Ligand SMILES: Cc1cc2nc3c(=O)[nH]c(=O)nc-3n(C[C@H](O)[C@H](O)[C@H](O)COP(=O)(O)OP(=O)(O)OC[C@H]3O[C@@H](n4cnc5c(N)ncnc54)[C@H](O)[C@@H]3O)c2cc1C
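Before any questions on binding or motion, here is one chain by itself as structure tokens, the form predicted on its own.
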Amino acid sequence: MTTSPTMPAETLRGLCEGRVHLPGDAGYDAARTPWNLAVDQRPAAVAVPHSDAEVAAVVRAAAAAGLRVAPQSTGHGAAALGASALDDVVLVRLSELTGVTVDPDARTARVLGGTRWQDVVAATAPHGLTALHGSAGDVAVAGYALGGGMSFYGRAHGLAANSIRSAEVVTADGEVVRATADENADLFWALRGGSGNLGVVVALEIDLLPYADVYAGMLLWPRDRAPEVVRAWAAWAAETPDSVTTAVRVMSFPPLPDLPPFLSGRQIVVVDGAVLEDDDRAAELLAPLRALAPEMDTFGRIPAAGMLAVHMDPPAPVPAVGDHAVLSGLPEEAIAAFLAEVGPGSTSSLLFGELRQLGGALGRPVEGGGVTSYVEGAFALLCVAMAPFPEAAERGRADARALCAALEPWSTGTRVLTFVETRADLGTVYGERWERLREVRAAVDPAGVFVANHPVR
């Protein structure tokens, strides 16, 4: 198969020193494949830049050819984008535009657009610092932080979007601009939570946290203990101080040889997270959960870099589907509905149903913050199923929808964008901030050049 020279994307050939792939090219399939292997995105072209100048050249060429541009770092959240027709879209994969520069005195890091959290954590650890990273090391900083970013340090320190000090952005006219609280302030406001609708972010400066080590880990029980554990955790989580951020998950693993024995073929319930206290106080706080006699208890003092392994996220790309909701609370009726879907006796295909603590700094608006500076709600619900073939994907989506539907009476209607697998109703997500975000989008990208997972129109 060869690409017709009359196709608009042909005009991009030669950019990025030849790292532009069109349908039919030998490198196209590898370049278009996101981290979530269940997503089949087929753009008009894929560009893989190594510099902000190359990004700018791609944006100018795409706009001149009447094409749109979708920035993407790793593609963990590609499902919403991949559900759309992309035949007039140039995918700008930032996976090779990476690098971290740490200023230990200012307690900041400058990270290039495709940099992953594992690289930030590795660069900051020698200085006794860490960041508001998520639970997976191979998630890119930009996509995570621009969507809000929920960390296991979040109840103490808030959303990762609030840690952004500045952004360097390729705008729709192909220029590289800097956005801060004092420079391009409207763009800076909109970027922090507005995701990829406003340009291609080629670098961020972020604040760091002064933790060389943390008290973190997990508690594990067999799934038949889930009714007892989930109820105890929900009551406990409602009373913990802001220094505690944890999640409870009911998990079902297939019998795979590459899984450790304590997971392979097992159905379990897990509580994990971090307690930002000294050892004695952390142990005191965890005592009610430890009184439930977990089969495994790994909570203890660990290097901050070890936090990336605590949640046991997949270390490599996988095919997955899922759903998400934010809950106002977990009364007994909500807990019963959750357990009916994923607890003992359930035949759900979900790999896990998760409830994560919100509140604390995650729930407080930040003065001078961006469009998303907090999440209004008490708990986040996240459910994921593996989708190695279409029938599994279809069933997984159905089971994820069923779990969210069961908890709909307690849903706030809002969303954490980094957890959303389908296009979100952004008017509901942003509330009264929605109109201002639309105005900023119209001002910086009047022709609608940029395409994001969750579009602002």
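This one's a predicted model, so the numbers in the text were calculated from it and none came from an experiment. Numbers follow the displayed sequence, beginning with 1.
Note that the form predicted in complex with the ligand isn't included here; everything after this is about it.
In short, of 258-266, 310-318, 371-379, 277-285 it is 310-318 that has heavy atoms within 4.5 Å of the ligand in the model of the complex. Out of the listed residues 342, 190, 150, 383, 150 is the one that sits within 4.5 Å of the ligand in the model of the complex by at least one heavy atom. This chain lacks the partner; the member of 161, 355, 216, 201 within 4.5 angstroms of the ligand in the model of the complex by a non-hydrogen atom is 201. Contact check for residue 430: no non-hydrogen atom falls within 4.5 Å of the ligand in the model of the complex.
At a distance threshold of 4.5 angstroms between non-hydrogen atoms, residue 74 is in contact with the ligand in the model of the complex. Among residues of the shown chain, residue 410 is not one whose heavy atoms approach the ligand to within 4.5 Å in the model of the complex. In the model of the complex, at least one heavy atom of residue 113 sits within 4.5 Å of the ligand.
Within 4.5 Å of the ligand in the model of the complex, a heavy atom is found for every one of 134, 146 and 452.
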